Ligand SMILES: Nc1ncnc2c1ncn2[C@@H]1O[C@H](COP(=O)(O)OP(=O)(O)OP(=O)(O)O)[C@@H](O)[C@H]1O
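Next up: just one chain, as structure tokens, the form predicted alone.
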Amino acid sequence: MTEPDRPIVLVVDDEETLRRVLGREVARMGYRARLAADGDQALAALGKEEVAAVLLDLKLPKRDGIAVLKEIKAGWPLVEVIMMTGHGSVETAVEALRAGAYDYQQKPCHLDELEQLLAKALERRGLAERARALSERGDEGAIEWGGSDAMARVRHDLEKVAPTDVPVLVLGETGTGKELVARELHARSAFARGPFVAVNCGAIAPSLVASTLFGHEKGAFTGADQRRLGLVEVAHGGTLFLDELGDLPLDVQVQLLRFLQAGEVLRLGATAPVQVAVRVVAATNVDLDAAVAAGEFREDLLYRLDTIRLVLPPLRARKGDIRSLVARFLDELERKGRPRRSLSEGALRALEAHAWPGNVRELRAVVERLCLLADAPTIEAPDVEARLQRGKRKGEGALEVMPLRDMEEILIVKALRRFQGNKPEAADALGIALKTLYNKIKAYDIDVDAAVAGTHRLA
């Protein structure tokens, strides 16, 4: 990384020796160090160049670190601040976190912990910058609302609820754009200047979900060699997007409910909770009402999250939007350097006749495939039909009747072979959560290597 690309870390401490030592260590960690002896110097430094993070002493001349912290967050909200104190207490830590600090460190600082903490803080800053870029950029990545009544209702409700802090539950099939809706809610909200943190609940091992979301203290369990903030805390001041909500284990559902009720996070192994302010958006393709009836999802958690429910229609229910979606995807692909293509009327009608089980995500993939593989500037109906036919299962339309369990095993084995054992890609293609795929591989005793090699035998 060249010198201008290295993030700037500002060290603010009135003890000159400690200030210089920390400056050297920050430089050793790969950052550009800047030094300040008090709050005035710190604010002046922030006004001169783009500072990524601040190491801020609690005890400073003229005014204390908490006051300086509040000024930093008011003027430079994306700057991450780590408080340093030799007189720490739980009350001081809570006050600093409420004022917007990323975390705090006891002096003298343990340099290994400080280095890891800085890396995490700058990772959160990156999330916040990407969220801001999303809200400021043009059409790419935005929702294509189209003209369907169902999408018009979603847009109306989204515009009404976005400025509030109430939880929102986004429902819809895989590929309908649930994360895009969550990002739109974030970009239009009072939390837009904070980070947008997306968590795929189905992609985390069940034993790690609680610590991933809520964090842990050093020594909380075997292997916990340092304190780690959970993603809920990382999202402080922004939006927490819980995707695949229906895959949350029941014990973690209890912890999430407590957080939603009290706005407090208790890290595993901690003795005192920390206040966290986030806007929660959750999404799932699971029928949560049915999951509640089956005892697989807590009814009280559903009530807490289901203040506003946005239901995204599948693409087959908004066929009139296919042409506008295709036009947009073609423009996006051309901006990315793909060949400029157009579709004939027959090609557009062929796309409109397709069932689109993968919804908008599948349509985008097909349009990109057509652009890359077409031999002429204009894509015709036979080109579309050939590409769509390639994605169908052999013998579709005259499918042999067999037990559902056998059919699931066949499809999983085919998906694993197609994606060379890549389970996230296979789960996405099958339209199921990664956790569900792992469970079915275990239940059906599927040998993944054999599936990839084409030698797996059905039970």
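The structure displayed is predicted, hence computed values, not measured ones. Throughout, we count residues from 1 along the sequence that is shown.
What comes next is about the form predicted in complex with the named molecule, which is not displayed.
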Counting only non-hydrogen atoms, the one stretch of 251 to 259, 75 to 83, 324 to 332, 108 to 116 within 4.5 angstroms of the named molecule in the model of the complex is 324 to 332
- Residue contact check: residue 239 to the named molecule in the model of the complex, 4.5 Å heavy atom: no
- Should residue 174 be classed as touching the named molecule in the model of the complex when contacts are defined as heavy atoms within 4.5 Å? yes
Residue 310 versus the named molecule, in the model of the complex: is there a non-hydrogen atom within 4.5 Å? no
Answer yes if any heavy atom of residue 380 is within 4.5 Å of a heavy atom of the named molecule in the model of the complex; otherwise answer no.
no
Exactly one of 341, 267, 120, 361 comes within 4.5 Å of the named molecule in the model of the complex through a heavy atom, and that residue is 361
Checked 385, 179, 217, 157 for heavy atoms within 4.5 Å of the named molecule in the model of the complex; positive is 179
With the partner absent here, would 57, 233 and 275 each sit within 4.5 Å of the named molecule in the model of the complex, counting heavy atoms only?
no
Applying a 4.5 angstroms cut-off on non-hydrogen atoms, the residues of 206 to 245 near the named molecule in the model of the complex are 244
With a difference of at least 3 Å, the CA distance of residue 432 and residue 175 in the model of the complex shows the atoms closer
Cα of residue 304 vs residue 434, shift of 3 Å or more in the model of the complex, relative to this form: the pair sits farther
